[in-house]
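Single chain ahead, by itself, as structure tokens, in the form predicted alone.
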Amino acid sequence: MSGKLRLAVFVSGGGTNLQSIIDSCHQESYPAEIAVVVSNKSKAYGLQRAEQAGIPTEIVAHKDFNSRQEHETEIIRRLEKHSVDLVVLAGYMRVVTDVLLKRFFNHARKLPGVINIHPADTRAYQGAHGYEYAMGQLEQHPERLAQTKITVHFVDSGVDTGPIVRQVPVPIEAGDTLDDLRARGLKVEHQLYPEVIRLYAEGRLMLNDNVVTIIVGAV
């Protein structure tokens, strides 16, 4: 073992955030490494990214199970051999349950052991299509915002309701299309997610009363 924080990155699609984490892990000073990439879809391109980087993969198709709990029980069984410290959801299009959350809760640090990234302010909007929400393109939210907020949060039993770790605002310009905003937002996502993983690995995150504090200076 290298002594670095060992990550299980969960993907369902292209895996651009996975790639940003892979690239960060190539830096010798980065305090985390990807132990395994997990997907519920065998054709997810993120699996190819992992294989190209020499990272083990586990494919656990949710359609093969009768419930989310049974699906996650099998994922946990597969992860045992990889000695995982933190689960990183990176475009994983499944709502996780307490089965996974309880297994990876970090009792030593008193911190959740599952994190997620979301392209909108999770205090205002939860669920898929965060960029469309910010652009006012959803039927239930036709109002275009002045900005979106890329959010990394701990995962709890709700949908995008867990404690916020960090947010970075991304302005929405007058002439922006959805693709423009998504491209600008993804640049932020690809920088922010590895930064939060570093904070976790370095022991710089504390959680009290559902509020995250980032420790500055020596720890």
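Computed from a prediction, not measured in an experiment: that's the story for all the values here. Numbers follow the displayed sequence, beginning with 1.
Below: the form predicted together with a small molecule, not depicted.
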_If we define contact as a non-hydrogen atom of the residue within 4.5 angstroms of the partner, is A90 a contact of the small molecule in the predicted complex?_
yes
*Indicate whether the small molecule has at least one heavy atom within 4.5 Å of a heavy atom of H118 in the predicted complex.*
yes
*Determine whether any heavy atom of Y131 comes within 4.5 Å of a heavy atom of the small molecule in the predicted complex, and answer yes or no.*
yes
*Does the small molecule come within 4.5 Å of any heavy atom of S24 in the predicted complex?*
no
_Based on heavy atom distances of 4.5 Å or less, which listed stretch (90-98, 136-144, 77-85, 105-113) is in contact with the small molecule in the predicted complex?_
90-98
*Of L186, L192, V159, V36, which residue is found within 4.5 angstroms of the small molecule in the predicted complex when only non-hydrogen atoms are counted?*
L186
